[in-house]
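As structure tokens, one chain now follows by itself in the form predicted on its own.
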């Protein structure tokens, strides 16, 4: 019988909790069912405030840790009810948690994800694997990205050099060579600035299909200024987060372009995501034969067009072409990481995060 796991992912867009029911049978993975559990508005606003501002209320962080744990548990129980499953049918839950801070830099590197796994375990009756990043940081790594090992396990090819790009709030690329080499790192902003600008100016949580951005003009000088951010010139391994890219930082660049229409800014931010991804691929994977996109960015038609435009003759697809649902890959990743942890498989992230030794990824929380 295949082993059943549930993966939970809540990204930087705060649009809801992705819950995926995943089956593993030897070397095969199958997405059985999914649900997007809504995020209450008061929690969404609190998370946005805490992630965008340096000063915060510690009591509020602790409260949200529990509230999110309860929400994650509700998402799991809904998925169980939907599929007429019992807690005992599930080997474990892999829960990423909600990232509030990610600052993997010396002298005191840290990362913070909330959504108490104890609360999830107690309220579902299922073992939880969580806290996937901090051990890697303790070993000198970036703690991110984690997806490249999943990409390697299920999407590497012997006949094609592939780049797998996950575009969530931030974008990361996995370079999968035919010779089995692997590299992975964060390329920079994915949807984070696009979404934040849309929320501020058209009062929508995201720019659906890039329809608003498509109406604007890409501003070459603003794009050049944004691409001058020091992050883009850093050498891998590297990872980023809202500490590096947020509306406050964007507004500093925009001070020189105050008369620019908001729609042109949106078009330029979309181009920033596309160009920074492709610049990274051209620099670190110049022999790429095909590019495969997953994450929320795969649903943005205008962004996909800009990616193809910047890729030139290299074709850009979604991971759907490889039979991996592009919209649920990160939740599937969490389920896979939980499986690896329960089976005590040490993962080697040296060429991805820069950690100094293979290690167990994640901590086990009992019911």
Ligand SMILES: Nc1ncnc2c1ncn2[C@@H]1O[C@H](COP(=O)(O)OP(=O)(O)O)[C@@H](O)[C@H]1O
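Quick caveat: nothing in here was measured; it's all calculated off a predicted structure. Numbering follows the first chain given and starts at 1.
This protein has a second form, the form predicted together with the ligand, left out of what is shown; the following refers to that one.
Does at least one non-hydrogen atom of residue 141 fall within 4.5 angstroms of the ligand in the model of the complex?
No.
Give a yes or no for residue 319: in the model of the complex, does one of its heavy atoms lie within 4.5 Å of a heavy atom belonging to the ligand?
Residue 319: no, not in contact with the ligand in the model of the complex.
Counting only non-hydrogen atoms and a 4.5 angstroms cut-off, does residue 232 reach the ligand in the model of the complex?
No, residue 232 stays farther than 4.5 Å from the ligand in the model of the complex.
Can any non-hydrogen atom of residue 207 be found within 4.5 angstroms of the ligand in the model of the complex?
Yes, residue 207 is a contact residue.
Stretch in contact, per heavy atom within 4.5 angstroms of the ligand in the model of the complex, of 191-199, 102-110, 151-159, 126-134
Careful reading of the contacts points to 191-199.
In the model of the complex, do 181, 184 and 288 all reach within 4.5 Å of the ligand through at least one heavy atom apiece?
The answer is no: none of the three residues contacts the partner (heavy atom, 4.5 Å cut-off).
Could you tell me which one of 241, 295, 145, 117 places a heavy atom within 4.5 Å of the ligand in the model of the complex?
By the 4.5 Å criterion, the partner-contacting residue is 295.
Pick out the residues of 157-173 whose heavy atoms come within 4.5 Å of the ligand in the model of the complex.
The stretch 157-173, when checked against the ligand in the model of the complex, contributes 167, 168, 169 at the 4.5 Å heavy-atom cut-off.
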